[in-house]
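For reference, the chain that follows is the form predicted on its own, supplied as structure tokens.
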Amino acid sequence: MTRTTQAPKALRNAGNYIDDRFHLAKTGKKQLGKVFPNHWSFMLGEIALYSFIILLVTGVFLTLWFKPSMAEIVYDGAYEPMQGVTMSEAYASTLYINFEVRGGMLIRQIHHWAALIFLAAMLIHMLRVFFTGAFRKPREINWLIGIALFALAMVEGLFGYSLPDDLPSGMGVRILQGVMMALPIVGPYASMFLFGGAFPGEDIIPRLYMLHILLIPGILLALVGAHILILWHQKHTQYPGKGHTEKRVVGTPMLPAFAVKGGAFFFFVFAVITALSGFVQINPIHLFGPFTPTSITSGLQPDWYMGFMEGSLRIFPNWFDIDVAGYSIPTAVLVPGLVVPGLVFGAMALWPFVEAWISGDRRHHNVADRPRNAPVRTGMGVAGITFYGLLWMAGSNDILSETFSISLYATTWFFRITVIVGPIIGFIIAKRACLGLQRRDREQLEHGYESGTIQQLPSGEFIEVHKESSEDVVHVLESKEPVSRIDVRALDENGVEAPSSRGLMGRLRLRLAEWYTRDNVSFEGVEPHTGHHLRHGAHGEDNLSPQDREEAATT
């Protein structure tokens, strides 16, 4: 005898009340059964989301005691080394949070670590999306939203880092002001508008505070909500595998499995961030002292996500500063501070549309690419990572110089050269590695995998037996789309040059399409290895007896 378990009467009444008015039961049941693919890389986006939630909660806690004021006071708080020192109220209130609010320093560190992990998770998540082609139609808009999220999060982190008004944060604000001043014509006016006068003024901390706790978080919340809603509507991409098609998603339903797993993963992320905050000190502002325009501290580095801009500013030469109509344009600040980040984020935003234009591929894609099956895209991604990584390392050129006893000028010139040559080398190596992996996949699909079993033929020759790959592996190997999907033909069916190919853009597209598909390994006509043919006729298999043939086929 089975017994049906019902929800408590109060819950049933509340549910019936809501459903009578909004008719959500049927829709809710369908949505709660939504399937999520099972793969660890999909959890990168969850780490970013959970870190963002932790940022919001801890940020609310910190606003209760932080004073966004640059009014000067003489400190007389609990931190003895700073007693009697003149400082801003912002810096004093941060010391108060650290040493007089119960759990204040822990919450500050949780907030800071969550910000670093939030940006790191977003970056790695975006790399996963890029290398697997998950930005393709119909997900281009969500890709753009992701880029906007990352750029805004960088600005949000910079403003939050600047609020305590300690020496390192003041230096960061000074660099921000210098980059703004480099803007032709409008730069001084923009700086005066933000700072309320000459640097540093008395308005910058209150204004950054408003931007940090109201405007930018509101935009981030809206973008995160839009990102999740679009993802929910369009469904996840999934990796190639058995049963994985463009119209069928294989994975775990929302309730109860994924919800339980997601909830547990949130607490795991929170535990890791709390452990880091409890045992790994970060941004100890009490050791740096308050900001003064005449002071500087050597050996300090910005948070990791600003490292590439720091490196760009350090290594860009000052040979190109120019004067136009009486206005000085300091390109040594303008180009690395604004143009380089603009090129990086602009290239990321445009890539889905450029790739679709080159390839002519306008189809919906719900099954992700294997990075090896898109060698040019993978090569471009590796080139971008190399460029970013070298700029990031260049931000520590003084520390590298001191640590390894190398001339500072030598490290600067090393990064100036490698930041140009390195991405090219990275692209070539990545592309060749992808093509090599494609050839290996084709061989495995056609001949099976090397079993490690050595067999002697009647002719005396020793061969290694290839065995049939599993059905799941065959599905993955066969997921490579035909290279011919990219149209590189300049002639129509009548042998006449197509109108779309006659203009400058048409010819450019054909050249780019040829470059995009060059050397790509085709799997067309390849039949999966079935395990009963060893393809050794050239080695004497045709001379085997029936018994030997059967033995060879079953070994």
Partner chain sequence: MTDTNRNHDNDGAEGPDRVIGTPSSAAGSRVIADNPQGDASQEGAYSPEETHTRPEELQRKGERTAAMWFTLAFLGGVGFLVSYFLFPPDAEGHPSIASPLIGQWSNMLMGGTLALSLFGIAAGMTVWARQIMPHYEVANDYDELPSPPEEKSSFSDFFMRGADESGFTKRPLMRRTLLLAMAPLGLAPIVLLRDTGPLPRDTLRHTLWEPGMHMVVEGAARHGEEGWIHEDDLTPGGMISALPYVEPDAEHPHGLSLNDQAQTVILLIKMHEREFSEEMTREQRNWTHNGIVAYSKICTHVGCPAALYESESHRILCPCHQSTFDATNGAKVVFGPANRPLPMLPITVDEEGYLVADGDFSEPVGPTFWDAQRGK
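Numbering follows the first chain given and starts at 1. Keep in mind that this is a model prediction, so the values were computed, not measured.
This protein has a second form, the form predicted in complex with the partner chain, left out of what is shown; the following refers to that one.
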{"item": "Option touching the partner chain, based on a heavy atom within 4.5 Å in the predicted complex, out of Gly346, Gly218, Gly360, Gly278", "value": "Gly278"}
{"item": "Listed residue (Leu457, Ala148, Leu106, Val224) with a non-hydrogen atom within 4.5 angstroms of the partner chain in the predicted complex", "value": "Leu106"}
{"item": "Partner contact for Thr132 in the predicted complex: the partner chain, 4.5 angstroms, heavy atom", "value": "no"}
{"item": "Contact flag, Thr274 vs the partner chain in the predicted complex, heavy atom cut 4.5 Å", "value": "yes"}
{"item": "Gly384: touches the partner chain in the predicted complex, heavy atom cutoff 4.5 angstroms", "value": "no"}
{"item": "Any non-hydrogen atom of Pro256 within 4.5 angstroms of the partner chain in the predicted complex", "value": "yes"}
{"item": "Location of the partner chain contact in the predicted complex, chosen stretch of 172-180, 347-355, 372-380, 152-160 [non-hydrogen atom, 4.5 Å]", "value": "172-180"}
{"item": "Residues in 401-426 with any heavy atom within 4.5 Å of the partner chain in the predicted complex", "value": "Leu408, Tyr409, Thr412, Trp413, Arg416"}
